[in-house]
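Taking the form predicted alone, here's one chain by itself in structure tokens.
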Amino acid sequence: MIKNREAFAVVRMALIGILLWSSSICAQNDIARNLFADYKSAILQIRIIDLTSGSKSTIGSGFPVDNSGLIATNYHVIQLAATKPQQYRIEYLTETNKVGELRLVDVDVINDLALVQAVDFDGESMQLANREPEIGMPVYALGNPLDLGLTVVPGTYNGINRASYHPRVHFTGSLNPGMSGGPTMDREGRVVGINVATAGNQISFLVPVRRLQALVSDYRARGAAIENMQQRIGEQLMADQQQKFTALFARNWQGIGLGEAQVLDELAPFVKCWGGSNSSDEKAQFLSADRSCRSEDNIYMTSNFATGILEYQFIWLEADQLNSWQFYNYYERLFGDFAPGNRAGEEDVTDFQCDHGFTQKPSGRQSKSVFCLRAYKDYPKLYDVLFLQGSVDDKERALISHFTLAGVSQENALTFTGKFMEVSQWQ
């Protein structure tokens, strides 16, 4: 009798759990339907139109932040019009198929945001939240995925991603191309983030709403559109790299062992390191152990150009079974395989100019060093840096070091190089 009573209690609790879960799903569906109904006229498809063909080249989403026709979207959505205004223009399409022109008035390239102005848009403005939701709260992303029309994507607010230098909200939901620039809202209809990117498998990212609030406030305080967008972007890039490297130089740079050498450990929370070796491979003719570190985010410039990247890599080599010529040949080939870790084309940057030389450590150990710079064509005083260093005074062992800095001043590049060489060395 007791066993039957216990079994009945278990079944009852399971049924209650199923009913609560079902009730929660129904409630979320009701909220999604209400948000769709309330804001479908405010969510816009943002189109970039090629002037020669008259056809759209890219699409995204946007939403009004006031009643004057000021509309928020992502920078990457309108980038073509921002950098090539002679070839592209921006327009919006409403849920009722109304089309209107948009004028770019300001950008925040660091946080992938843009403000555009409509002359004749009369849709309802959206309220920006004054504070972040609690972690675990349901939120709802709206946008125009794949040119299919307005869509609502329920998900979960997981707070700021701590592995990113530029703040991004971790959103558990499926953002798709075309939703970029659209709002993610809480159940009350307040915008808590701006759709920006996805990593797939229900992992997506939002720009925190406070970044949009800062851009809107800056624009309103200035009271006019930016006339020279290239200069504006250059100033933002310069200020961002200065802030980042000032903070990095103030940190305590720690080393970690690799083979017989010491190399730079994870420099900041947004830099993640991974390592490996072939030590379990009985057929290997030499021992190779490596450690690679990279910042978790970058700054979008164009589809073929990214900046803001920091990466460094170390390789320790030992060769007991190779003769010195074989080891040197492999070492030279490996040394020549390194390349900058960021995308850039000839329209964006100059060719690398490199200085080669030999350095001697206080311990007496000698290394070959290569320091390369390439300049940003549109943004003076910003450079990509490629640094390589390899020991040359031992026939059977070697340490190779490499780093890439993208979008940095020469002064910060030289300071970083000095600190990097000081920490990373084979005694």
Partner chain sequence: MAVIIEVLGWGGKRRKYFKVDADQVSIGRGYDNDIVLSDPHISANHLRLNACGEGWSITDLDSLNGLQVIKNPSTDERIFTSGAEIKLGRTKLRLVSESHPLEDTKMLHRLERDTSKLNRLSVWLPLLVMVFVTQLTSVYTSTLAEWEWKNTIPVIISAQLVIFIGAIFWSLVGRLVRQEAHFLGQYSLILLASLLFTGCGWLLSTLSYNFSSVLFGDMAQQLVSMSILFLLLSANLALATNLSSRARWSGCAAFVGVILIIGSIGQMKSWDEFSPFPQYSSTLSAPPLLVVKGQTTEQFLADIVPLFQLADKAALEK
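Positions refer to the first chain, counted from 1. Since we're looking at a predicted model, the values are computed, not measured.
Not on display, but discussed next: the form predicted in complex with its partner chain.
Peer 1: So in the model of the complex, does residue 370 come within 4.5 Å of its partner chain, heavy atom to heavy atom?
Peer 2: Contact check for residue 370: yes, within 4.5 Å of its partner chain in the model of the complex.
Peer 1: May I ask you to check whether residue 336 falls inside a 4.5 Å heavy atom distance of its partner chain in the model of the complex?
Peer 2: Result yes; residue 336 sits at the interface with its partner chain in the model of the complex.
Peer 1: Given that the partner is absent here, does residue 227 sit within 4.5 Å of its partner chain in the model of the complex, heavy atoms only?
Peer 2: Judged by the heavy-atom cut-off of 4.5 Å, residue 227 is well away from its partner chain in the model of the complex.
Peer 1: Does residue 354 reach its partner chain in the model of the complex if we count a contact as any heavy atom within 4.5 Å?
Peer 2: Close contact exists here: in the model of the complex, residue 354 approaches its partner chain to within 4.5 Å, heavy atoms only.
Peer 1: Scan 323, 279, 242, 213 and let me know which has any heavy atom within 4.5 Å of its partner chain in the model of the complex.
Peer 2: By the 4.5 Å heavy-atom cutoff, the listed residue in contact is 323.
Peer 1: Only one of 127, 231, 202, 350 has a non-hydrogen atom within 4.5 angstroms of its partner chain in the model of the complex; which is it?
Peer 2: Answer to the contact question: 350.
Peer 1: Is its partner chain close enough to 344, 359 and 418 in the model of the complex that each of the three has a heavy atom within 4.5 Å of it?
Peer 2: Checking in the model of the complex: 344, 359 and 418 are all within 4.5 Å of its partner chain.
Peer 1: Based on heavy atom distances of 4.5 Å or less, which listed stretch (35-43, 376-384, 64-72, 50-58) is in contact with its partner chain in the model of the complex?
Peer 2: Only one stretch qualifies here: 376-384.
Peer 1: Just give me the residues of 390-413, first to last, that have a heavy atom within 4.5 Å of its partner chain in the model of the complex.
Peer 2: Residues within 4.5 Å: 392, 393, 394, 395, 410, 413.
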